[in-house]
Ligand code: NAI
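In the form predicted on its own, a lone chain appears below as structure tokens.
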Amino acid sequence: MDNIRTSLITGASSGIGAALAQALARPGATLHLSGRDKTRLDMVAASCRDHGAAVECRVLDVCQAVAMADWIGAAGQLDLVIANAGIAGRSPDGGPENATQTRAIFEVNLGGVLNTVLPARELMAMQSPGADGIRGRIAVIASIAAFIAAPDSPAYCASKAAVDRWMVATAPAARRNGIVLTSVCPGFISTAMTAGYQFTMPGLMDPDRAARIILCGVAAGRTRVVFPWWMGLAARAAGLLPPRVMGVLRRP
């Protein structure tokens, strides 16, 4: 990622977002980081500065469309934007999600992504292309859950599916304008989001390793990055099962 000098990351105060920020931190790099927890965000920023990066932080909710557009528009030249902020939601007893939970998941996981990607794409369209013809790169953290309809987390799966399909479908037109879009679909990552899960998580990965895989895929210009590959394959196979079968299956 030597050609990435200026990056913007949402949800950078912990988990994958923090790991991505630290992986991109180096002398000459500028990071624009946002999150909702100022204390944790400041800690990540301090770590990135220790690695020589210049860091600008903003406590911001990705659901605030105007504030997000203002923040992104004021960042100046951006080589890479990563829409990472997201929330999970599971129904451990198999019951339905309540309306508040469902709306919150879609507003953050889908609305927050649009509030990040759309202004970033508009900004990058006005940037001069590099020698490789690329004006900028945008990655969105979706999930392997995008490939299945898990009864215990319907809104999460649906929101991630919408994000993944929109990014993949939009990528060809964006590429013609010099903007590379990447949908990232990871499996289980060891973060605060998964810390409370009381079931076996196959392929559980630490955030630093996940960040390296993500950035390699983005640098390679891949439209979709799925890892672990075998878990993505299994999720796709499960997604082909009849709804009546999925309705009685739950994650272990």
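Predicted, not measured: the structure shown is a model, and the values here were computed from it. All residue numbers are counted from 1 along the displayed sequence.
The form predicted in complex with the ligand is left out here; the points below concern that form.
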Heavy atom within 4.5 Å of the ligand in the predicted complex - residue from 72, 124, 85, 80: 85
Contact residue in the predicted complex, from 189, 225, 215, 53 (heavy atom within 4.5 Å of the ligand): 189
Residue 208 within 4.5 Å of the ligand in the predicted complex, heavy atoms: no
Contact flag, residue 171 vs the ligand in the predicted complex, heavy atom cut 4.5 Å: no
Residue contact check: residue 138 to the ligand in the predicted complex, 4.5 Å heavy atom: no
Contact of residue 219 with the ligand in the predicted complex (heavy atom, 4.5 Å): no
Listed range touching the ligand, judged in the predicted complex by heavy atoms within 4.5 Å, from 126-134, 172-180, 141-149, 72-80: 141-149
Contacts with the ligand in the predicted complex, stretch 150-166 (heavy atom within 4.5 Å): 156, 160
